[in-house]
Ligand code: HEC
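The chain below stands alone and is given in structure tokens; this is the form predicted alone.
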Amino acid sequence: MARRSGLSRRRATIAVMLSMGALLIGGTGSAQQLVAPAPEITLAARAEKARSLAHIYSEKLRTGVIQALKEGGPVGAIGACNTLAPELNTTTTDESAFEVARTGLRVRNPDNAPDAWELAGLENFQKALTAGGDAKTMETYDVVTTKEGQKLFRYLRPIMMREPCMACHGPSVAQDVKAEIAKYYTDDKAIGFNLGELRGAFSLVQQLD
């Protein structure tokens, strides 16, 4: 193979360095390396990604619940949902740069109880809905700093009560369904919701440092 000329080698070196985010400047013996900072991901871009993940999660959960209801009725759906939701939390988190979970003002699993930031968001959602706001356009996101000094991007989007949820979270849950719920959750408070009410929220977190 013919050797490349000095000019072609220099161009190739610059191309490689540019691809690595670095540019070699200066003449022979006075070379300096300038590392270009990675393009900053805007808050809006992070929100768009979180919004997309929340939608995907929601559809997968809804599809799974509907399938479980068809196969085993409300009683069978309890066990399926108990398994499906944590699996979705794990797989969605592993496949993205976000930790994904659910929370609410009244939760079935105490591990899903809201922290202070989530609680404030949920209460604001409830106030907006009471005032006639459209849940489809509601979301809240921000960059917050923990007590330990870690920066996090946080995103919250409402979960509204839909028909597939009524059998297990509605105002008229059958006794056999309540008994099945009690097998998994001993202090269930996620019951008594009406169709179209705020059920909870998808909560997404991304570490920034």
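Just so you know, these numbers come straight off a predicted model, no measurement behind them. Just count from 1 along the sequence shown to find any residue number.
Here the subject shifts to the form predicted together with the named molecule, a form of this protein not shown in this document.
Visitor: Does the named molecule come within 4.5 Å of any heavy atom of Val107 in the predicted complex?
Guide: Close contact exists here: in the predicted complex, Val107 approaches the named molecule to within 4.5 Å, heavy atoms only.
Visitor: Taking the named molecule as it sits in the predicted complex, is Cys168 in contact with it (heavy atom to heavy atom, 4.5 Å or less)?
Guide: Yes.
Visitor: Given that the partner is absent here, does Asn124 sit within 4.5 Å of the named molecule in the predicted complex, heavy atoms only?
Guide: So Asn124 does not count as contacting the named molecule.
Visitor: Taking the named molecule as it sits in the predicted complex, is Lys49 in contact with it (heavy atom to heavy atom, 4.5 Å or less)?
Guide: Although the named molecule is absent here, Lys49 would stay clear of it in the predicted complex, with no heavy atoms inside 4.5 Å.
Visitor: Though the partner is not shown here, which residues of 60-74 have a heavy atom within 4.5 Å of the named molecule in the predicted complex?
Guide: Heavy-atom contacts to the named molecule in the predicted complex: Leu61, Arg62, Val65, Leu69, Pro74.
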